[in-house]
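The form predicted on its own is given below as one chain in structure tokens.
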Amino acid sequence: MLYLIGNWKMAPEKGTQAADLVKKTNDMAKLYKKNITTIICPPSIFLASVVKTAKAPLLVGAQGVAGSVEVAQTGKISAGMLKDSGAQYVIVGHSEMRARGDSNTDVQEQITRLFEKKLIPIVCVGEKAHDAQGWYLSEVKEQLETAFGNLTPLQAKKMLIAYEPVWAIGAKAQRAATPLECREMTIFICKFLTDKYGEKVAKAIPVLYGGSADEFNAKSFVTEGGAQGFLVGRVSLDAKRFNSLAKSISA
């Protein structure tokens, strides 16, 4: 089973647009349910309404969570609020969140809060630069060590990991990442998990690709890159393209 997670980021602007997108994604999720688990993560302001509109097998997640239960955090959202809104998954450690200041320790605290409320973390890891000496592996290992540092094997098995090569994402991307570079990292992540928890637990944790995947290159990241799914941004906001991506990896 592959995972296809749509991170809507700060879009769409209107609730009517969000409702329409959910309905179209519902249809897609039903069409490919035998091979793909589809999850959408809308902005928090739409979360409750999206949960009401979403129909099985489509699942709903959130884009972030506060790492503390301290009430005096203007603009933050607690794990309890997300749980009450109907979310099942939550993205943590996204490269955009890390760029705004979230540290590895912040991510660890966020994961702790999510497990307290029985929510499933989608933890993002990835290097800022892909150097020839291989130091980027140390950067990802440090992120993994902190994220999984306090987790039991049972908790770890519930996690999803999304590998984000930061240097290959967005307008400032140096270049596109290749499926072989993705495979190197999926193997590296799997080895880390195997060393920490054993092979059985490691195999139970899906490693997704969180780079610039689309309907044209997604299949190669599965067959050649070892990705067990995708965390995608802008493509998930276009129902036709999102459907085409799902079709490409479902075949």
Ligand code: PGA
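Note that residue numbering begins at 1 and tracks the sequence as displayed. Everything numeric in this text was worked out from a predicted model, so none of it was measured.
A second form of this protein, the form predicted in complex with this ligand, is not displayed here; the remarks below concern that form.
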Identify which of L119, A168, M97, M81 has a heavy atom within 4.5 Å of this ligand in the model of the complex; exactly one of them does. A168
If the cut-off is 4.5 angstroms on heavy atoms, which of these, S212, N26, T37, S220, is the one near this ligand in the model of the complex? S212
Please determine whether R241 contacts this ligand in the model of the complex, using a 4.5 Å cut-off between heavy atoms. no
Is L21 close enough to touch this ligand in the model of the complex, meaning at least one heavy atom pair within 4.5 Å? no
Can you tell me which of 88-96, 146-154, 133-141, 101-109 lies within 4.5 Å of this ligand in the model of the complex, counting heavy atoms only? 88-96
Sequence-ordered list of residues in 208-236 near this ligand in the model of the complex, where near means a heavy atom within 4.5 Å: G211, S212, A213, L231, V232, G233, R234
